[in-house]
Ligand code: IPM
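To begin, one chain is listed below as structure tokens, in the form predicted on its own.
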């Protein structure tokens, strides 16, 4: 077993608390990390005006992995310009480190109406409308014009689709669904469909399907068990994965991996939830998403056995009837640290 250099971005709000519990569980799994803490997020921006200095980005690029808690100012705060952290920190890390796959696994938690769910969404992570193509003319005037283009390259789409086929081929159901809006987005959608079909010919063992994104939203709510692996573009993936989190038991269980499958730099792992400033210090933050994100990190680092034990512990604990009772009765709710202790003990 190797030691790994991992950058920690606790960030804001409950971020540092959930990262601490993730590290507790990693330690219980027997994996040794050399951690480097980075002060990034809304707090740093408010103190220094900096978001992601170039020297810090260079340091992050030399690590084995990055574990992030959450970033963002308190809800309703105007001290941080809208989108400044998202584009200056999160998106910049994705673009600069070439984290072109966003992988989000979903399994049933105690709050889910559907037992035994197990599916994953592969979201293209560096193109689409988040690439930043567009602009504004005559801002603030009656004739103001704003454009926001969706950037889709054959190279970017193909490497994401190929990753999704590889993932589906390793799962028991071996089924992959492309989700897009080909009937309206006739240029981008056509590129995605043709690329999906071409790559799919190389994976005859994987059954494929296509759905429009609006239909997929309905099916995620009514019959999410139809899905095994979904592949989609950046914007649709952002929306679908939040919906999938709600369907499978809540955003507090939703983990994510921002992956550089080519391993030309570190990958970044983070829970999907926000900074939740309103519960900071209360011990009410749910660390399960951060812990499962750490399990994704372990798997990416090659610690597959440890990753499997952590994931199993999280899934089983979250699905127990007692977990439902804890959610419904605040008196019996475990603290953030107690949940981390419970998962560490199972591991």
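This is a predicted model, so every value here is computed, not measured. Positions refer to the first chain, counted from 1.
The discussion below concerns the form predicted in complex with the named molecule, not included here.
- Looking at 91-99, 207-215, 151-159, 113-121, the stretch with residues near the named molecule in the predicted bound form, meaning non-hydrogen atoms within 4.5 angstroms, turns out to be 91-99.
- Only one of 166, 86, 190, 197 comes within 4.5 Å of the named molecule in the predicted bound form through a heavy atom, and that residue is 86.
- By the criterion of a heavy atom within 4.5 Å, residue 228 is excluded from the residues contacting the named molecule in the predicted bound form.
- For residue 270, a non-hydrogen atom is located within 4.5 Å of the named molecule in the predicted bound form, even though that partner is not displayed.
- The closest heavy atom approach of residue 127 to the named molecule in the predicted bound form falls outside 4.5 Å.
- With a 4.5 Å cutoff on heavy atoms, residue 104 counts as touching the named molecule in the predicted bound form.
- Residue 238 is the only member of 227-246 with a non-hydrogen atom no more than 4.5 angstroms from the named molecule in the predicted bound form.
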